[in-house]
Every structure is written in structure tokens, then in C-alpha cells.
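This document opens with one chain alone, in C-alpha cells, the form predicted on its own.
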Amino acid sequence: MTRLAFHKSLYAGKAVDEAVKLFATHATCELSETEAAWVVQLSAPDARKELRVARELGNFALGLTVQSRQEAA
């Protein structure tokens, strides 16, 4: 299982949520929240696929965050 923590000061919650929904077809994803971060626990049958999905999910969440901030400016 891979754990990703997206710090709230850097990532938009909506972006993390959208990324989790998109990548849920490729791995089992569980989204939770701490005081400082949105946390995604994900697992896939293959360790290499799990790592790739984790990386892509993180990149996608970051891209959506940047996009939303550019649109707001």
C-alpha cells in the first residue's frame, strides 16, 4: 500500500478529490483528511503499477491545483 499526503497549503482539495476519482479505476484509493493534509492510501495488485499510479495521481492533482489557481487569478 502506498500513502500520499497532499499538504493543504499547496494542494487544492477539489484537485486531490478529482485525481482520486480519475485514478480509482487503476488502483484502490481511499481518501482521508488530517489537519494539515489530504491523505490518499492506494493499492494495486502489481507493485510497479501501484508506484506508477501514485506518481501519476500526484502529478494530476498538482496540475489541477495549478490550473485552478491560474483561473482564479
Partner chain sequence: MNHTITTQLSNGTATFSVDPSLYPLDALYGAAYIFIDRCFVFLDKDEAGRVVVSLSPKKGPADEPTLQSWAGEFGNELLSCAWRHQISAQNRQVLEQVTSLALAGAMGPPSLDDLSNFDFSSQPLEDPLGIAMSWEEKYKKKTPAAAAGTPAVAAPEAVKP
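Note that the structure is a prediction, hence the values are computed from the model and not measured. Positions refer to the first chain, counted from 1.
The form predicted together with the partner chain exists for this protein as well; it is not shown, and the discussion that follows is about that form.
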Could you tell me if all three of 2, 24 and 34 have a heavy atom no more than 4.5 Å from the partner chain in the model of the complex? no
Hey, in the model of the complex, is residue 13 touching the partner chain, heavy atoms inside 4.5 Å? no
Contact of residue 17 with the partner chain in the model of the complex (heavy atom, 4.5 Å): no
Does residue 56 reach the partner chain in the model of the complex if we count a contact as any heavy atom within 4.5 Å? yes
